[in-house]
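Quick heads-up: it's one chain on its own, the form predicted on its own, in structure tokens.
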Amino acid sequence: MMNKPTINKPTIRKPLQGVRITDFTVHAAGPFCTHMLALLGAECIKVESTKRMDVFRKPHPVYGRMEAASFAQVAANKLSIQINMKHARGAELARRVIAISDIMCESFRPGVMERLGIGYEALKAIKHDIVMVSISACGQTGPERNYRGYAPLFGATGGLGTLTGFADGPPVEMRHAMDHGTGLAAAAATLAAYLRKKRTGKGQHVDISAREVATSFIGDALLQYAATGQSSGRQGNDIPGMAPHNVYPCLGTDMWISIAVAQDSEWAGLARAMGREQWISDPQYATSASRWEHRRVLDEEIAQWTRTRTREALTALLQKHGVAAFPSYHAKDIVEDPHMLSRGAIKELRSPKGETRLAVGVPWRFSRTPGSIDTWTPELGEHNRYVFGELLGMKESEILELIEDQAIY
């Protein structure tokens, strides 16, 4: 018999404490959505099975990852149960879990949930005010609704790829940022639908298209096309009218600093920091228009100066002179950064077995109802007894029978 897991009941009330989510999402975009909600205190019950576990529980060479770090990130703070959705009793068990939930999230291709008997129309009969969130590549409707898609395709078809990269190179794949951007958009939409439910008592189906999330990021390019008939091209690190606006090499291997100057006062600060006060009145650099015109020469001048200094020393110096400058960080830099550590942005988690690892904390601060990352990535089915026994009130004999019948599997 499996030991009953310890469920941490936070003493500080979180914004979504008391909200329950049944989570059928897989890969990254959907799980990141529910991860954000779990950080805010929602009780998130992740549904998998031994036959069809989340692919990110194992190495995923498509994403260039040979270990399961991605899953560990987006599954922390969640509960895990096993349900065999292809078993009639398993599907019924899933409906019972959804019936005690406020929200159901899924990220399969359109039609999958209907075939499993848990599409939105079926769920309304189970729980009339359920909020169902569906995250897919192209949305639940339209001629391309069943197209397969991964993160690089979202940015490509959403128009971001053709805007990203250098003018003399190909479009750049947008990978993890697209998954996480879609997840954040889905989390915001979920909260809006849940708020309406609390106000009106009515649920609804939320349809999130990853390619449309990507398109929402290029509104200025669409406006430009509407006004001029011309599509924007790739500009590398350039921003028209701003110079310098680039990433510059620093002392060390693969060390870089990002510097952006938008105003004349910032330009004067940069010139003073570099010991080039004469640049302030130099006609070649005196105005934003002239700096933009001579940006390539300016970039080389700045690069010669930055490559003999460390990122940290340059950042401190430039910020002191009122210049927007930050290091281009590696993961190691972030977990060791004093500022991030002082804000609790990086937190150490401890597993029930005594293992420890660092995790990214919550990206917001609430003065009265703080969110937090508290629990280790759950083992597959770790919370079967809690969900089926404590929440659904099933007897141990019934749970064991469903395990034997592979409905819980």
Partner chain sequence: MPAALNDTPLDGVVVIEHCRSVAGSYAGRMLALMGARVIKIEAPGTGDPLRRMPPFLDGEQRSALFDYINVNKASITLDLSTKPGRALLDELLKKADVFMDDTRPLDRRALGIDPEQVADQQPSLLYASVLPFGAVGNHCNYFAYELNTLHSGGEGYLMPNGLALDLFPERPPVKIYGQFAQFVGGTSAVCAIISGLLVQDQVGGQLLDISVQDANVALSCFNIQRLGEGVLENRHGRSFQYGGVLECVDGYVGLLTLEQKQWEGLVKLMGDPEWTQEEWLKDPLNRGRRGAEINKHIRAWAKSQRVEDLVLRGQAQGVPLAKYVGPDEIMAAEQTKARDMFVEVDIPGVGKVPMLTAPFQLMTPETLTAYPAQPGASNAAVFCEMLGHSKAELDRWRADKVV
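These numbers were taken from a predicted model, which means no experiment stands behind them. Residue numbers count along the first chain shown, from 1.
Keep in mind the form predicted in complex with its partner chain is missing from the figure; the text below concerns it.
K.L.:
Consider the chain as shown here, without its partner, and state which of A88, A99, L222, A286 has a heavy atom within 4.5 Å of its partner chain in the predicted bound form.
P.N.:
It is L222.
K.L.:
Only one of A260, M113, I302, A273 gets a heavy atom within 4.5 Å of its partner chain in the predicted bound form. Which one?
P.N.:
Only one option qualifies, and that one is A260.
K.L.:
Within 4.5 Å, heavy atoms only, one stretch in 122-130, 159-167, 275-283, 89-97 touches its partner chain in the predicted bound form. Which?
P.N.:
That would be 159-167.
K.L.:
I'd like to know if P363 sits close to its partner chain in the predicted bound form, meaning any non-hydrogen atom pair within 4.5 angstroms.
P.N.:
P363: yes, in contact with its partner chain in the predicted bound form.
K.L.:
Any chance R20 has a heavy atom within 4.5 Å of its partner chain in the predicted bound form?
P.N.:
No, R20 is distant from the partner.
K.L.:
In the predicted bound form, is there a heavy atom of its partner chain that lies within 4.5 Å of any heavy atom of G389, even though the partner is absent here?
P.N.:
Close contact is absent here: in the predicted bound form, G389 is far from its partner chain, nothing within 4.5 Å, heavy atoms only.
K.L.:
Applying a 4.5 Å heavy atom distance criterion, does S70 contact its partner chain in the predicted bound form?
P.N.:
Close contact exists here: in the predicted bound form, S70 approaches its partner chain to within 4.5 Å, heavy atoms only.
K.L.:
Only counting heavy atoms and a 4.5 Å limit, does any residue of 196-226 reach its partner chain in the predicted bound form, and if so which ones?
P.N.:
Residues within 4.5 Å: R196, K198, R199, T200, K202, Q204, H205, V206, D207, I208, S209, R211, E212, V213, T215, S216, F217, I218, G219, D220, A221, L222, L223, Q224, Y225, A226.
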